[in-house]
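The data below hold one chain only, encoded as C-alpha cells and taken in the form predicted alone.
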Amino acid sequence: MSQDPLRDAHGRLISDLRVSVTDRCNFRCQYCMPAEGMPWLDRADVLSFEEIKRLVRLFAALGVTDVRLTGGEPLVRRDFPRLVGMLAAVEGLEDLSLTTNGYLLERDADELVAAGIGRVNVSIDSLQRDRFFQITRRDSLAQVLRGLEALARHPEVHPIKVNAVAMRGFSEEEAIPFADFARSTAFQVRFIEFMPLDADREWASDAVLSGEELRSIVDAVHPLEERPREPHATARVYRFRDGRGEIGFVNPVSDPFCGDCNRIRLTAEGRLRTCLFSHHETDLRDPLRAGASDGELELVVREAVWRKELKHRVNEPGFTPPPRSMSAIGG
C-alpha cells in the first residue's frame, strides 16, 4: 500500500477522521433529531468493530493521525470501550478522542480512559435543568454533569471541552452562565453555531446566533483576548484577560474555516463523506465485505478524497442541506 499522504484536489492534506460508530442516540436534541419516529440502521448494516479497525488502520497508513469517535451517541454502542482499545493500538494514530452527550460517562469514564481515550467533548446546551430538557427532551442534566465530573478525575484526559449549540432566542441567556462555568472549572466551553443538519428541517439563517454575537455578550462582562488559531482548528479560542479559563466559538456558518479543512468522515454504515454538508458519499463497507484488498480500498479512498469539496456553500444562493441529519452523518 502506498505511503503517500491523502491529499485533495485543492492541495489540502487529510489527517483527521471522524468515525461514527452508531446512528442511535438516547437524547432527542431539537437541532439534530425529531422527538420521535427516527428510523435506525439495521444492526447488520453497521460496521463491526473489526471492520472499523481495518478502515482506521488503512487511513492511518495514508497519513491520518487524529481519529474522533462519534455517533449518534457512541456510548450506546455495546462494549464501546473495547473498540477504543482496539483503535488505540493502531500504528500511526497520535490522537484518539470522543464526542458524547455525557449521559453514560459516569458509567464508562474509567474504562474509556484505561482503553486509550485522550480527549473528550461533551455536549451540554444549558446548565439549567428546565432549559436542558427543552433542548434535549430528556431530564438528564444532573447525570451528564456527574459524568463530566467522573471524567475530570482523570488528568490524563485533556482537554475536556463542553460544547453548546448556539441558537438565537435561546443561547443568549446561556452565554454568561457558561462563561462563569469555564472560569470556575478546568473545562473549555465552546459555542457551536446552529447548522442546517436538523432532522426536522427547521433550520433558517435567522435562527443562527453567531459566534461574534456571543463573544460580544461574554466580553462585556468578562473581557476576552484571542489566542492564536492553530492550523486546522475549528474554534476561535479566547482566554479571559484575568487568566481564569478559556472559551471558544466554532463559527461554520458566519465564518467558515473550509480553507484548511483536513477532515473526512466515516458513517456508521461505512460511507465516506468528505464534507459535513456533502451530497455524495463513497461506500467502503460493500467492497470491504466483498473481499477488497487494502490496495483496492486505498484507490477508492484516494479518488473520493481527491473530489473533496472546496467549501460547504451554506451562505451561498441555492444551498441545500444534505439529505441526512447530523445523527445519521456522525458529529
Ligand code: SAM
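So that there is no doubt, residue numbering starts at 1 and follows the sequence shown. All figures in this text were calculated on a predicted structure; none of them were measured in a lab.
Another form exists, predicted in complex with S-adenosylmethionine; not displayed. Remarks below refer to it.
Among the residues 32, 268, 264, 64, the one placing a heavy atom within 4.5 Å of S-adenosylmethionine in the predicted complex is 32. A heavy atom within 4.5 Å of S-adenosylmethionine in the predicted complex is found for one listed residue only; from 197, 113, 84, 209, this is 197. Contact annotation for residue 6: none of its heavy atoms lies within 4.5 Å of S-adenosylmethionine in the predicted complex.
Interface membership of residue 99, defined by any non-hydrogen atom within 4.5 Å of S-adenosylmethionine in the predicted complex, is confirmed. Put simply, residue 151 is far from S-adenosylmethionine in the predicted complex: not one heavy atom of it is within 4.5 Å.
Among residues of the shown chain, residue 246 is not one whose heavy atoms approach S-adenosylmethionine to within 4.5 Å in the predicted complex. Remark: of stretches 100-108, 217-225, 238-246, 140-148, the one touching S-adenosylmethionine in the predicted complex is 100-108 (heavy atom within 4.5 Å).
Along 65-95, residues 70, 71, 72, 73, 74 each place a heavy atom within 4.5 Å of S-adenosylmethionine in the predicted complex.
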